[in-house]
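Here's a solo chain for you in structure tokens, the form predicted alone.
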């Protein structure tokens, strides 16, 4: 039987933000049903964003520490708190962008699904049990499948949702089989700590490694790491732009949250290696390098901006995996300080990347609505038709490329530094630098189109709706502000990493 502590009602405070989001989802459905056609998409979007703001504020009132909650199913710590912030900000910004994205025809069901996906991601980050891990992951995934195919009148959107569902279902099944192997071999344990104790005994070494590989399939899909990245370009291209931005940021951050927590807790490499731990340590460097090169080299060939951003997102996952690799090697060598820095660098990077990519997809969605094309040529002369929009896109692209003084540069600096702490990872860092230089080429291709090219057919100004304009301006400003506030954000990431490792 699995070892679980008894549920204490006072532990409900640990899931206060998620509880607020469930209530928000119910409110959205009621408002949509009772208001009928008189309920505007704007009202629903603003309610969603305000509800997520309330949940964000409430998360600061959850007692900080590192303690089990909900009978041991969840772990309440600063690590979960940091990722909650990422999910809630990402969800709120996506909701506001969806309000004025006309092709979506968003109603109460759209914003409800967005809210439930955000709620499930919070549970993913806090999961301390394989049952909660799987249930939270599937809840988020199902909501995202539906959101990806939400533009029912657009065949490409329907194809996007279907492909996302098929790929996700297959990888989820493989992951579940791996989890079931762990459950069966350990004699019915589901808690991370109990599973780790069993693995420390060294029993069933080969089977435990096989189970780990199966679980990693699910994690690789969520983070769009090689070789499970093929779904991303088609899904990002077909999904509504606000949804593409949400999937590429919040969903990916959730993937890194469960990847790091699961490996650290169940297959620790420090101080005593659990059976199978050496498998994921050896896998991390080749997967990281291949993910960076696969994303950047394929992005060069793209003329569709959304597909380009999708391949860019794969490459960005590769950069974040550098931090996970650094964590793996630091764990194997018993370097506690570098373990903390490596995890903190991943948290900092995915958090700031969320602002950057939502901004990029937000601008892309506005341009596509106006021009009706996702081709890079649709950005021709944007600096004259919408100068502030073009400037915001430049900020997003330069941050993605890692150009100072934007926060993308700081994030990559932390990742590279974490990797360089181990001489064995020097080659991986060199590969990372090469990939940064490759990415500059295709990012600047969009900038060139906006500022140095013009199309006689594209002369009308691009009018920016009010809410979308506020989101775009806010994200662009945040790229600069977060650079100036990098120290307190880094300190929060360090505290989150320490809480995970304690």
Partner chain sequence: MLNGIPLHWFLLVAAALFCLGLFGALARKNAIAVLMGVELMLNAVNINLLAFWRYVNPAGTGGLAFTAFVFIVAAAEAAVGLALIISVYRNTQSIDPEKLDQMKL
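Positions refer to the first chain, counted from 1. These figures come from a predicted structure and were not determined experimentally.
What comes next is about the form predicted together with its partner chain, which does not appear here.
Novice: Check 142, 146 and 172: does every one of them have a heavy atom within 4.5 Å of its partner chain in the predicted complex?
Specialist: Yes: 142, 146 and 172 each sit within 4.5 Å of its partner chain in the predicted complex.
Novice: Which single stretch, out of 394-402, 76-84, 245-253, 151-159, brings residue heavy atoms within 4.5 Å of its partner chain in the predicted complex?
Specialist: Residues of 151-159 come within 4.5 Å of the partner.
Novice: Decide whether residue 362 counts as a contact residue for its partner chain in the predicted complex under a heavy atom distance cut-off of 4.5 Å.
Specialist: Heavy-atom contact with its partner chain at 4.5 Å: absent for residue 362.
Novice: I'd like to know whether residue 109 contacts its partner chain in the predicted complex, with contact meaning heavy atoms within 4.5 angstroms.
Specialist: The answer is no: residue 109 has no heavy atom within 4.5 Å of its partner chain.
Novice: Quick one: is residue 130 in contact with its partner chain in the predicted complex, heavy atoms, 4.5 Å cut-off?
Specialist: Heavy-atom contact with its partner chain at 4.5 Å: present for residue 130.
Novice: Should residue 432 be classed as touching its partner chain in the predicted complex when contacts are defined as heavy atoms within 4.5 Å?
Specialist: Output for residue 432 is no: heavy atoms all beyond 4.5 Å of its partner chain.
Novice: Exactly one residue in 335, 194, 234, 100 has a non-hydrogen atom within 4.5 Å of its partner chain in the predicted complex; which is it?
Specialist: Partner contact (heavy atom, 4.5 Å) among the options: 234.
Novice: Sort through 416, 409, 134, 280 and report the residue having a heavy atom within 4.5 Å of its partner chain in the predicted complex.
Specialist: Checked against the cut-off, the match is 134.
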